[in-house]
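First, one chain by itself: the form predicted alone, in structure tokens.
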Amino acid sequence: MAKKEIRIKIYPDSKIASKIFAESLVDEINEILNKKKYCLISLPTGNTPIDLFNEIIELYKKKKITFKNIYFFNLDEFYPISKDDAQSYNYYLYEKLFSHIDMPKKNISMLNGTLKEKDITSHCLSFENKIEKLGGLDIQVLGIGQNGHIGFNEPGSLRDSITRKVKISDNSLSIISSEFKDNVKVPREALTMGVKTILSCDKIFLLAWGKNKSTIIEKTIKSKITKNIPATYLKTHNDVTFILDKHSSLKI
């Protein structure tokens, strides 16, 4: 696996970073729309992108962008979980973003956390095929777990992995459990885009804020490419940019 250069942009804080990145992201999307009339994107969930989503909504309100010709594919989802569950990433994305913009519902492809076990493989393959049929992802925005997971590609994930059901690591579960009101409800599994799926995207951006992300950012940037830190696979991609604040970039 050939190692590429990751571009790194560091900002004073996450709010400034989110504002500047939202503007450049909208510019990137509009440029793609001008070239081929539609654009495929994937965005993360959790605490990291909340300010980004707010900035995107403001830019939409100012008519800097329309989402009518944008297709969205979600990065991951808990399993099992209902899309109406307030802890699901489906619910989160509609609450934080989709309900505030003009993206057609038919353009939104979500991983389904309510499927029967026997239907998961075909669902994941259909998800992959839909991306491929539309010409592949143009833009992928990622967060990063403290153990180096991207999506729910936990340590041990292989570079050629595709969309599938996975077990959530104990490390990730301990962090996620703080976001759930009832710890018993925390799913132990998830559906996730694979590493190969993520790397097939034209442009990748990774966002990380805070001191608690500084160690894994250092390891990702300085370590060799290894399945033990799935984020290091990003170093095999031609166009990756890390968007960091001063705290997450402390050790690089």
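Just count from 1 along the sequence shown to find any residue number. Bear in mind the structure is a predicted one, so any value in this text is a computation, not a measurement.
The same protein also exists as the form predicted in complex with a small molecule; that form is not shown, yet it is the one meant from here on.
- Taking the partner from the other structure, the small molecule in the predicted complex has no heavy atom within 4.5 Å of any heavy atom of T66.
- Not displayed here, the small molecule is approached by G145 to within 4.5 Å at the level of heavy atoms in the predicted complex.
- Residue contact check for T45: one or more of its heavy atoms lie within 4.5 Å of the small molecule in the predicted complex.
- Although the partner is absent here, D138 sits far enough away that none of its heavy atoms falls within 4.5 Å of the small molecule in the predicted complex.
- With the partner omitted here, the stretch from 109-117, 96-104, 123-131, 150-158 that lies within 4.5 Å of the small molecule by heavy atoms in the predicted complex is 150-158.
- For the three marked residues, D76, Y89 and K213, a heavy atom of each sits within 4.5 Å of the small molecule in the predicted complex.
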